[in-house]
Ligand SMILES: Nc1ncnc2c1ncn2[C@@H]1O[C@H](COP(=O)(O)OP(=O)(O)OP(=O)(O)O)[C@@H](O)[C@H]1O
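So this first bit is one chain, no partners, the form predicted alone, shown in structure tokens.
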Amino acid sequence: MPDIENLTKHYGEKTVLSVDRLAVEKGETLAVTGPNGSGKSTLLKILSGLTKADSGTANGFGKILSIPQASYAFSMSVEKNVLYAMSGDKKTERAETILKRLGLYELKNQNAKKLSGGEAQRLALARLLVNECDTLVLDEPTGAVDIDGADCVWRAIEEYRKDSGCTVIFSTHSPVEAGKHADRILLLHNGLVTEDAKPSDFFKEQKSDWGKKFIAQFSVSGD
């Protein structure tokens, strides 16, 4: 079972992340929510290997694929961007399948540098989902996309999770998005986990004062 023990990160004298213990069920979708500066991106960067923790361990996550908030594209066609990230047989067929799932197939011959921000974010996800992993780590995966694009993103992620059996960990500012797509929600505040619950319990009753304050900002329901 993937787990985290005594994980900390400091910038100068400021502690930006401090997680005593966190066990993650293999195959579950875990949302990490909270305001700016709560530690969401720091946690995901540590899991992805982009940032080194000052102490503690994160074990059992296996092969991890991740995308940061800032997406990028190579100066080549959309389809070649995806093919560039692939290996193995039937590359073109697999690339076309994921481009269709993410609503990018009609743009496959366009230079990827001409994509909008939301399209570029979906392309970055496409490059991930044509490969295999044990854990998918996504920092604000719908941050730059519109409503229709977000629907495409979540359908593609869920199909990938079902096909692969991988664990999905994603960050979001929105508890509404977390409630719709996660099996479990973590709420961070000042680097600490203040809530850890299934969506229905998370919205029904918050254990911490900060959790109550955070949820009160949103008109949300776990139903």
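All values derive from a computational prediction rather than experimental measurement. Position 1 is the first residue in the sequence shown; the rest follow in order.
Below, we turn to the form predicted in complex with this ligand, even though it does not appear here.
Of the candidate stretches 150-158, 28-36, 53-61, 177-185, only 28-36 has residues whose heavy atoms lie within 4.5 Å of this ligand in the predicted complex. Shown without its partner, this chain lists R21, K14, K204, K213 as candidates; in the predicted complex, only K14 has a non-hydrogen atom within 4.5 angstroms of this ligand.
Heavy atoms of T194 never reach within 4.5 Å of this ligand in the predicted complex, leaving it off the interface. Not displayed here, this ligand is approached by Q69 to within 4.5 Å at the level of heavy atoms in the predicted complex. When this ligand is considered in the predicted complex, E140 lines it closely, a heavy atom lying within 4.5 Å. Proximity of T42 to this ligand in the predicted complex: non-hydrogen atoms within 4.5 Å are present.
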